[in-house]
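Take a look at this single chain, the form predicted on its own, given in structure tokens.
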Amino acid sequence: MAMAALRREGRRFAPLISPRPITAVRSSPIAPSHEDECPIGVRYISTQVVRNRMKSVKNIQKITKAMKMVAASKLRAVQTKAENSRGLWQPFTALLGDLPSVDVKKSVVVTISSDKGLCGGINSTSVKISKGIHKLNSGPEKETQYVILGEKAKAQLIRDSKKDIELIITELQKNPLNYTQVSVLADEILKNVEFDALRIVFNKFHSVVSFVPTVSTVLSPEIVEREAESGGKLGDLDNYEVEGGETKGEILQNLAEFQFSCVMFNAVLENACSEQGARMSAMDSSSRNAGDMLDRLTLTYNRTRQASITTELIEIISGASALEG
């Protein structure tokens, strides 16, 4: 009955209503021109803003879902290589050991990071550990330098440790990683850096949601020989027989270079796996957050639209009642 009466009143007073409704005053500081005036007023503007926001959030959600799928595809490709590379450096650890607490004068911290972001805090973790190692191995008679792999570690370390950076290498993952590429890179580092101990900082991959910051130590031949003579963990080296015309120092030199290239190869692959796993987790969280935001925006849009319709109905009924009275 009420709606029928409302329709009758609307037809009765239709000739009296102006064909161009009066628009509400906008809250924008810029006064609109007559051509830009919106016939529905400020309520239409508020719903339009919410609709635009909803569209933006939907587009962001599509991008984050696509990035998650790409990261998953890359992770599957790199994970097999990383698992197979673990068998390269393990014999060297059994033979030469891994002595992170060895006392040396010249230390080089090799920090491995990614070239791209949106992968959580793996790069910040590597940089933080590298700074801690640099601080522990610094002193009046000690020298510690950085070798940086990746744009993200470069951007963080160059701000406060620029004078300690010896070498920077970026775009390592531009091409598919292989042992030849990493061995050339390791040879470049050995040619340009003097060291007693190389400390390689990377993130070891455990699962998509788990990675462990790891430090591997590679000693120079002189330090290996010194530790072997002192009767430490490397004292068993004298039990091995040397065949051929090479001296013990030459053999240790070759072993140290080969050990460094193998450890670097594994570290780069492990860090690449951790990067893709962290990116998958970050993009999954972003997609879920975008979905939650979209739900809230949809609720806000529906409430605003219903309030607008209710307000317009109240205005029409009030105007009809005033004209009838």
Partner chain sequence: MLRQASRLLARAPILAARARPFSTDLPAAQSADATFTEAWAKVIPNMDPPKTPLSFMQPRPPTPSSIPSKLTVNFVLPYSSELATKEVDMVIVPATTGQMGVLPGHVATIAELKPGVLSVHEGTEVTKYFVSSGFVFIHANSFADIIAVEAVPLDQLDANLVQKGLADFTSKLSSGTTDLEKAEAQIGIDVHSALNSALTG
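Residue numbers count along the first chain shown, from 1. Note that the structure is predicted; figures quoted are calculated from it, not measured.
As for the form predicted together with its partner chain, it is not shown, yet the points below apply to it.
Comparing 156-164, 176-184, 140-148, 110-118 against its partner chain in the model of the complex, the single stretch with non-hydrogen atoms within 4.5 angstroms of it is 176-184. Proximity of Asn123 to its partner chain in the model of the complex: non-hydrogen atoms within 4.5 Å are absent; the residue sits far from the partner. For the chain shown alone, Trp89 is a contact residue for its partner chain in the model of the complex, at least one non-hydrogen atom being within 4.5 angstroms.
Taking non-hydrogen atoms only, Gln79 approaches its partner chain to within 4.5 angstroms in the model of the complex. Using a 4.5 angstroms threshold between heavy atoms, Pro213 counts as touching its partner chain in the model of the complex. Of the listed positions (Leu172, Ile189, Ala228, Ile129), a single one reaches within 4.5 angstroms of its partner chain by any non-hydrogen atom in the model of the complex, namely Ile129.
Of the residues in 89-103, those that come within 4.5 Å of its partner chain in the model of the complex through at least one heavy atom are, in sequence order, Trp89, Gln90, Pro91, Phe92, Thr93, Ala94, Leu95, Asp98, Leu99, Pro100, Ser101.
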